[in-house]
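First comes one chain, alone, set out as structure tokens in the form predicted on its own.
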């Protein structure tokens, strides 16, 4: 009798292990099917909520992820280019997985015209519907010190983070290019704005650095004490060369998580060039260090950094691409590495 019971126990144990193996295999196959159907490089539906792990950006499975995409120009001037057709083109033909909405603070932006908020919300919804990440950019430039309009920034980011508190798509860029100020001033501003966003969500937040987001070593000795914070590095290939790449290397070595939320093939004015050789060095640097990056800009402005020719209309095709646009498309398709 004991032998029979023992044999039955062994059989049940083996059957249980067998079922467990089958279940694990089925789960593995199901995940593979999901990955087969969803391009991991492109879709929020696979990658989900993003996190900052050390200096790396990772997805919901703690896998490294590199976001690559395009920035709008100022929405008050070139907002019409952010439309369904163009977003689909950037996703399907450029292999973009992120789009940046450059909402200027002044120069006709939010401070001058609060109605632009409606366009930002419309554009966010459009990008989310295409399963892409979207950077909501408080585009400080000529105002220099972010504290100048800090109260308005708090108001804006409270509205957006409340509305999209359950959306993994959103990345908050809370001060585009601070300048003629100090890291102490920038950090003070950032901490207040971050507190407002954190009441609603834990999404990734990008904080600008001084001198138009080039002083990336400043946070190394005075980090913001919050999770999921990255710091912006901006460059234009004709002006910012090896010295800035070396600074970025040092920042990474010191634990500063960098996100290249704006770059271009021109000089710092947005014109001059095109500086293909130096831009290629930057692309290799970003890929080697798994830095996410967003190129300036989806517009037909008559300047070198614009992706489209001045003659282009609101909906573009390859024939509308400028020299910069053709180069950036090849970068995003990994034809330049």
Ligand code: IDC
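Residue numbers count along the first chain shown, from 1. Everything numeric here is computed off the predicted structure, so don't read it as measured data.
If you look for the form predicted together with the ligand, you will not find it shown, but the lines that follow are about it.
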Heavy atom of residue 270 within 4.5 Å of the ligand in the predicted bound form: yes
The ligand contact in the predicted bound form: residue 296, any heavy atom under 4.5 Å: yes
Interface membership of residue 104, the ligand in the predicted bound form, 4.5 Å heavy atom rule: yes
In the predicted bound form, residue 121 touching the ligand (heavy atom, 4.5 Å): no
Three-residue site 97, 130 and 329 fully in contact with the ligand in the predicted bound form at 4.5 Å by heavy atom: no
The ligand in the predicted bound form: contacting segment from 134 to 142, 245 to 253, 147 to 155, 80 to 88, heavy atom within 4.5 Å: 134 to 142
Residues within 4.5 Å of the ligand in the predicted bound form, restricted to 290 to 305 and counted by heavy atom: 296, 301, 303, 305
